[in-house]
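Given next are two forms of a protein chain, the same chain in both, each as C-alpha cells and marked structure 1 or structure 2.
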Structure 1
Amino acid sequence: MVHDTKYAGTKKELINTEIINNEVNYIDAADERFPDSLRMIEDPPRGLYYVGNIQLLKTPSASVVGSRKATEYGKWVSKSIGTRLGTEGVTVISGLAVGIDSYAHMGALKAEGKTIAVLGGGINVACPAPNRNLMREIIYADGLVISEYEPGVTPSRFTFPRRNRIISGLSSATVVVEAGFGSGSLITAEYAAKQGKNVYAVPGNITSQASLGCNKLIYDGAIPLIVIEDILNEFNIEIKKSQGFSKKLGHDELTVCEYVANSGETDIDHICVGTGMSPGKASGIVTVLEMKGVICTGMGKIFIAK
C-alpha cells in the first residue's frame, strides 16, 4: 500500500526557501517508495518529508561530504566528483551545507545529473542564505530534497549529526573530500563504515588542517581516492578514456597539457624544464588552460581537470 501525505505549507512558511509553488510531501517507512537501504540501517527514520523526485531514493548513488570551511582545492575536487558521478548517471547525495556539500551538488547539476540534499531540519526552514538558490535549483532540475524532520523544525547540533546516517544509508559509498578533526563528515564516514559501505577519503597536504580528518581516515582503513574515476568502480562503470585535447588547443597549449597529463601532477618549474618554455610563457599558458577548464591548480600543483 502506498501512503502519501501532503503538507500544504502556507506561503509565509515556504517563502524562506522559495518553494512557494511546491508542496512538502511525506512518505512513511511502509511506503513502497521508501528505500530498503534506509529500512536496514540502525535507528531508521520513520518517514521522510520531501520535495522533488522521490524516485531518486532508489537510484544508484554515492554521497560526497566534507568540511564547511573548504579550501579552493577541496571545492574543485568536490565539484569534479559530483560532475563525474552525474555524468555517469550516479545520483550525488550530500547535506546542502556550505563548502564541500554545496560543490558536490553543483557538480551534479553541472553535468545535468541528479542529486539529493538531506537536510538537518524542516524543509521549509531557511537554509544558509548562499544555498537557498541551490536548493531551488536542485528541485527544479528534477532532484530531491528530503528530511526526517517535519516542517518547522529548526536544525540543531543534535539534528545535523543524526541526518548523516541517512546520507550514508542511502549511498552505496561515501566520499570524504576534506575534513578537520571533529568535522561532521567524519560522523557520516563512521555511519557508512558501520553500515558496511565503502568509505573513500581524498588524501591531502599533511600540513593542512583541512586534510587531517581525511588522512586519519586513510590511516584507519578508508580507501584513498587517488583519481576521481576510482569511485566509479563501485558501480561497475567502465572508465572512459580521454578524447584528447588537440581539437581545442593551440600548439603551445597542447604541449603544456600533454606534459601535465604525462606527469600526473606537476608545477611551473617542471613544466619549464620539460617543455623548454620560459617561466612567464609557461605561467601564461597555464592560466589560459585553467580558464578553459582543461587543467586545475591547487596547493602549488597543476593537474588535468578531467
Structure 2
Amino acid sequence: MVHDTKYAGTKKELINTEIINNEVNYIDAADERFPDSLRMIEDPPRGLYYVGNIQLLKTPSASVVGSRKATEYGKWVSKSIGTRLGTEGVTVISGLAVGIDSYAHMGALKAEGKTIAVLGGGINVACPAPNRNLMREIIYADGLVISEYEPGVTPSRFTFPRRNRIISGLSSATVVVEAGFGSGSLITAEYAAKQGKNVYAVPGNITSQASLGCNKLIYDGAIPLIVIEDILNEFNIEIKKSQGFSKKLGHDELTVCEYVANSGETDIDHICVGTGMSPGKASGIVTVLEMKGVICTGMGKIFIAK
C-alpha cells in the first residue's frame, strides 16, 4: 500500500514540503475509499488530497478542537482526551493548528493511536516549523493528513471555516476543549450540530477568557464533558476503572493527591495550608506525583491527571 511503503524507513528530516508535494495522492468522492460520512454532509468536497493512511477515513473517530491560544489546563485536557481516544482505538481528528489542535494530535500519538489532520490549504503549503514536525510525526505514525484543496492553495480566512465542515463531518462527535469568543472551533461545533453530531464542550472557570466559548456552547445545549471518559460513551466503549495507582503511592503522596483531587485546581501554597506540609516537602511530592502521571502542573497550577 502506498502509505506503508513510501515512508517506511525514511528519515524524519526527509519529509518536508517538497517531498510531500511529490507524494500527495488524490481520491475523488466516487472512490470506494471515500467515506459515506462525508458524502452525506451539505456541500460535500468533490475529492480529497492526502498523504498517509487513507483507510483511517472509515474508522470510528472523534474530533477534538479549540483555540490556538490555549491555557496549560486546555493543553493538558486536549492531550489527555487525545491519549484516551487513541488508547481506545478511536481516531482523533483535528486541524493541526497550534494550541488545542496540536495537543489533541500529540495525545493520540502518545497513545500510539491514530490521528487525522484536516488542513485548510494545500498539503504542501509551508506551515510553521512546529506544525510541520507534527505533520511528519502523524504521517510516520501511520496517520493521515488530508485537504480538499489542491497542492499550492494557500489557506485563507475563507478556507479555514469551510475546512471545519470536513472535520465535523468525518467524526461521530466533536469536542471543543477551549474556545474564546470568535474561535474557529465554534464554527466546527456549529457544523457538527447541523450535521446531527453530538457536540461536547469542556467546561471552564466562568472567569476564564479561554473558556467563554465553551461555556456558551454548554449554555446553548452542548454536552458538558464532565470527565474525559464521557466521550467514550459515543463509541460504546466500556469504561475501565483506572486502578493500581493509589496502591503505589506513599502516605504523604496520597494526602497530597486527595487534596488536589478535592480542590480541582490548586497550588503549592494551598497544599501547604491544606495538609500542614512545608513548602519544600509539598513541592517535592507534587513533582513525584507528576512523574507518576497522577497530577499535572503548569504556570504554578496543579491539577489531577486521572
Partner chain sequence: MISKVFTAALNGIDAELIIVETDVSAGLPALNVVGLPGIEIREARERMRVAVHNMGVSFPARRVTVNLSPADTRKEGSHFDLPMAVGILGAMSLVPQQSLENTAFLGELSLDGSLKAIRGVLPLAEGILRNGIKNIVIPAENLREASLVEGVNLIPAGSLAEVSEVLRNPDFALELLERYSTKNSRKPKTPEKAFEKDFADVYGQENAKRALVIAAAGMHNIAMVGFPGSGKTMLASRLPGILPEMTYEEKLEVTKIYSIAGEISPDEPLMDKRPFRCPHHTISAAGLVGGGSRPRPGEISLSHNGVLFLDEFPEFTPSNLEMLRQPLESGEISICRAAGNYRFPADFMLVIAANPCRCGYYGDPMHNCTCTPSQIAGYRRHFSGPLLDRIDIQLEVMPVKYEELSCEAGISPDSGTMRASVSAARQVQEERFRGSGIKFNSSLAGSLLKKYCTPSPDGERLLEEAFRTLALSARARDRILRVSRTIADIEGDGQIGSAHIAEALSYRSLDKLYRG
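For clarity, every value in this text was computed on a predicted model and none was experimentally measured. In this text, rigid core is short for the largest set of C-alphas that superpose within 1.5 Å between two forms. Counting starts at 1 with the first residue of structure 1 and goes up one by one along its sequence.
- Annotation: structure 1 represents the form predicted on its own, while structure 2 represents the other form.
- If you fit the rigid core between the two structures, you'll see the Cα of residue 255 move by 2 angstroms or more.
- On core superposition, residue 280 has its C-alpha offset by 4.5 angstrom between the two structures.
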